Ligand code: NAD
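The chain below stands alone and is given in structure tokens; this is the form predicted alone.
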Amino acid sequence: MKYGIIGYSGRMGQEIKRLFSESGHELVYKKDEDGVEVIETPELLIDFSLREVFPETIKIVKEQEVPLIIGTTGLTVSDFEMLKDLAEDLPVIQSFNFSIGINILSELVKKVNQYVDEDWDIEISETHHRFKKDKPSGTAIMLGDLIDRDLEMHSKRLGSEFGEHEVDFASTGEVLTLKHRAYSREAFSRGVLMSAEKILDLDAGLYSFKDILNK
């Protein structure tokens, strides 16, 4: 598979390159703040850059006319409208978290939410490395959207922490905690690889990583 990375020089871009190379895939398109290097036309593009360059990503994907996998966080409502427009013609897989464990956590959160009533307190906390700019994380927002009430969210930016998410459910007599912790970026790049190996067989449309796991 010949692929391209937008945000190539970033930490996630480098991890994707490492894992994809081990799997025999060829990087033919690189883009970061230093410019663009095109070896061949890619079969798909992967974007783990910054939200600020999102409009340029949309432009590049339209020019290349190839599917897109995007894990950029901090996207706005208008950004999602642009993704939906793009997905009318091309397959697009978007997720704030490509970890299999986080998607299992999401299913557990939905299940617990069915059992607790308004007498239970629910809060979400997340910790990431010091360089992550958005607070709360896209994953924390995604988890919060699974619960049918307004929530307190707590964010920490510490050292080199890859990512930890915790959801606490508490009554006056007990506490239930659901927690996921990533120990390396491979937790996310494995999901990107899984998505890349399926996206070329998808029809045009906007997909989540959960859709890929369920296929």
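Just count from 1 along the sequence shown to find any residue number. Quick caveat, the model's predicted, so the values are computed rather than measured.
Not on display, but discussed next: the form predicted in complex with the ligand.
Sort through 169-177, 37-45, 148-156, 50-58 and report the only stretch with a non-hydrogen atom within 4.5 Å of the ligand in the predicted bound form.
Single hit among the candidates: 50-58.
Do all of Gly7, Met12 and Phe98 end up near the ligand in the predicted bound form, with near meaning a heavy atom within 4.5 Å?
Yes, because Gly7, Met12 and Phe98 each have a heavy atom that approaches the ligand to within 4.5 Å in the predicted bound form.
Looking in the predicted bound form, any heavy atom of Glu63 within 4.5 Å of the ligand?
Looking in the predicted bound form, residue contacts with the ligand do not include Glu63, since no heavy atom lies within 4.5 Å.
Is Asp134 part of the interface with the ligand in the predicted bound form - any heavy atom within 4.5 Å?
Residue-level check for Asp134: yes, a contact with the ligand.
Determine whether any heavy atom of Thr73 comes within 4.5 Å of a heavy atom of the ligand in the predicted bound form, and answer yes or no.
Judged by the heavy-atom cut-off of 4.5 Å, Thr73 is in contact with the ligand in the predicted bound form.
Within a 4.5 Å heavy atom cut-off, is Glu26 in contact with the ligand in the predicted bound form?
Glu26: no, not in contact with the ligand in the predicted bound form.
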